[in-house]
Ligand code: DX5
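Here we start with a single chain on its own, the form predicted alone, put down as C-alpha cells.
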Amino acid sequence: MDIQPGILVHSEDEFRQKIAHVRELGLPVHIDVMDGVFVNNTTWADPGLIHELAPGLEFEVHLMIANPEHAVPIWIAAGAKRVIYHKESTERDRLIFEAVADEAKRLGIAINPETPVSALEPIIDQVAMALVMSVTPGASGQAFQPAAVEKVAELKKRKPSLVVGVDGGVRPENIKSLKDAGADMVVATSALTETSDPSLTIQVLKQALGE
C-alpha cells in the first residue's frame, strides 16, 4: 500500500518548506486545494508553479472546491498524475468526464464521511480512483473516523480494479485495518509534514503494516 505525504499550505513559502521537508522520502505528494467555499479553509496552490517548486516529484491534486469543472482539466494539463474532485462539489460530472476523456485514467473522485458509497454508483465506472475521506475535509490533524474502513471494503467489492485511497487521520494504529480492507494508498498530511523526522514516521507506518 502506498503512503503519500499530504501538502496543505497557505502560501508559496510554506509550500516550498513542506516540499523540502518530505522530498527526502522520494514519494509522490498529494496537494490539497481548498477554496473557502466547499470547505471552510483556503490553501495556496498554483498549477503553473508546481513543477518549478517541486521539480522531479510526482504529484496528485485533491480539489476541495466548489464547481471543479474548470479546475480539473487545468490541473491535468499542469501534469498532475491524478486529479481528485469531490462528488458533493458538483452535479455536472458529465462536463468533467467530457473535458478529460482522453485522460480518464488520471481522474479520481472523493467522498466525505457522511456520503455513502452508493452515491458513486452512477459514475464509478467513469473514474480510475476513489478517495474515502476519514475526516471532515478542510483541516489536517483530525481524528480518524473508523467508518472509512467499511467504505474501502465496499468500494473494492463493487469494483476490484478501482484504486481506493483514504485521506485523514492516518496513524500507525489504524493503517493496517485500511490495508486489510483493500486500500491501495493512504494520505498522511500532518503525520509527515509536522514531524521532525518524516523518514522515521514512514518507517513506523510501514512497520504497522507489517512491512
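Note that this is a predicted model, so its numbers are computed, not measured. Position 1 is the first residue in the sequence shown; the rest follow in order.
There is another form of the same protein, the form predicted together with the named molecule; it is not shown, and what comes next is about it.
M133 belongs to the set of residues with a heavy atom inside 4.5 Å of the named molecule in the predicted bound form. For the chain shown alone, T195 is not a contact residue for the named molecule in the predicted bound form, no non-hydrogen atom being within 4.5 angstroms. In the predicted bound form, no heavy atom of G108 sits within 4.5 Å of the named molecule. Among heavy atoms of Q142, some come within 4.5 Å of the named molecule in the predicted bound form.
Only one of L155, M64, A45, V29 comes within 4.5 Å of the named molecule in the predicted bound form through a heavy atom, and that residue is M64.
Residues within 4.5 angstroms of the named molecule in the predicted bound form, judged by any non-hydrogen atom, belong to 181 to 189 and to none of the other stretches in 181 to 189, 45 to 53, 145 to 153, 65 to 73.
Residues D167, G168, G169 of 146 to 169 are found to place at least one heavy atom within 4.5 Å of the named molecule in the predicted bound form.
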